[in-house]
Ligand SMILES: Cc1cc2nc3c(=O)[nH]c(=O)nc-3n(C[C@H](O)[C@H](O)[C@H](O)COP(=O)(O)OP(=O)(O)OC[C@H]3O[C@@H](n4cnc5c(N)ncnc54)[C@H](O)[C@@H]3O)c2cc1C
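As a starting point, one isolated chain is supplied in structure tokens, in the form predicted on its own.
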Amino acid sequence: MTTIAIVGAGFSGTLLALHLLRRCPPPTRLILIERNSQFGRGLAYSTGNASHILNVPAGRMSAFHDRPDHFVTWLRERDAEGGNADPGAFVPRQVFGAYVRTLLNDEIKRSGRDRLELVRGLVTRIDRSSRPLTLTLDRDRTLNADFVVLASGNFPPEPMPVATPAFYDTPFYRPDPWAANALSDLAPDKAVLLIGTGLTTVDAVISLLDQGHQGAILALSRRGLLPRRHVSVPRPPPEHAPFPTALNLLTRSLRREAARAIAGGSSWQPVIDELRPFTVDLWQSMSLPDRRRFLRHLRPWWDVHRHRMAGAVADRIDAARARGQFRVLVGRVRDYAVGGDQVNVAYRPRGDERSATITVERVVNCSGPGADYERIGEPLFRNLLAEGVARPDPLRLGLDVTSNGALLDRSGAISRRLFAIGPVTKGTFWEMTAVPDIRRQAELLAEHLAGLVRNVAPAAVERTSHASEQGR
């Protein structure tokens, strides 16, 4: 029997397990390992706040590419009144988390626990010297698997360097915006500083408003860009010109198409959406210097246009800004100084050499997930890197993997038994955060692993037969 272990049971790992069970021959056994309390949800979809809604319409959130209406159908069956069953609706993320969890439970009932085992624990090391691989877990446990897939999801943001790094160990700082205590025990009239102005910051603002916060909510980033909003507009006539793969030519092309769409009564949003099926191909065709230039100069602009706010969320953000409660600051933090029960934050406004100071009660790091795996303290990844089993990708966005998701070791050799899926593969695939992108990756990786399993199975039978003949 071939065993595949998946380390991480958030959306990426759970979806991969579902597709593997449909593609691998029956003797294949899957072990889904999760360190947190919930399987199938992950950080993004385990929020308890109904105001945290999806940034992609329900009609594009199916777990199965060949069944695009699957999620909408599930919503209709779940909600007798059909309130959230519109394909264009932006539903609460906790509802999507329930959908993924339901799929997992249904698959366990259908396949049985002999084929899919759920294990709660923290994987700290993978021993490649044994066959099969040996996974070491907390509480002195071990598991064996023929193949291992890393589906670790996102890590908390990395703190930016400041003159007084000891501040990060004080109770005034919250390193993980998704932690239960990130916004708890706050005086409702005190100011809060959110580092970053992306979608995580938007979620934090909504959470603060929902808990009745009345004090100032400040958000600081180098460019001060907030995500744009989703809109319903007529799609412009299709553009049949090829996509350039040189960064400057691609940028000019998109600007021309956006201008043409706006002039024709549409908007730029459909132009960005038309790029989505080609994003991975464009990224992989782009030269490494162009990728670096994109990350350095254009990434913030891409993020706010590509990862947008649902209209209802954007309305609340706009209202908070209009009444002066939510303000966006443009600059870079220089240092923090604790004074009594408050924090004085010194920052340099963009384009100004002089420092400015703001006083808040709490600082929450919403700057985006940590991606430089040489700086991530997780024991598993530290061991993989220290032993040369894996290496960071050249752009420090995750781990270096092939187009099939196989890990590349320190020398660049391709692993036959270790793979990765989801955000950890961003260096190779770039867009590996949204559900449609991860869904497609899960389907392709499941098909690839199923092929490897089919190749392994005859070899195992041959070895067993050979051993039997020798024992006669």
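Please read these numbers as outputs of a predicted model, since none were measured by experiment. All residue numbers are counted from 1 along the displayed sequence.
This protein has a second form, the form predicted in complex with the named molecule, left out of what is shown; the following refers to that one.
- Checking 443-451, 22-30, 54-62, 406-414 against the named molecule in the model of the complex, the stretch whose residues place heavy atoms within 4.5 Å of it is 54-62.
- Although the named molecule is omitted here, in the model of the complex none of Pro227, Val330 and Tyr347 has a heavy atom within 4.5 Å of it.
- Contact annotation: of the candidates Ser111, Ser266, Gln94, Asn154, the single residue with a non-hydrogen atom within 4.5 angstroms of the named molecule in the model of the complex is Asn154.
- Within this chain, Ala5 is remote from the site of the named molecule in the model of the complex, having no heavy atom within 4.5 Å.
- When the named molecule is considered in the model of the complex, Leu208 lies well away from it, no heavy atom lying within 4.5 Å.
- None of the heavy atoms of Asn49 is located within 4.5 Å of the named molecule in the model of the complex.
- For Met286, no non-hydrogen atom is located within 4.5 Å of the named molecule in the model of the complex, even though that partner is not displayed.
- Contacts with the named molecule in the model of the complex, taken as any heavy atom within 4.5 Å, map within 13-39 to Gly13, Ile33, Glu34, Arg35, Asn36.
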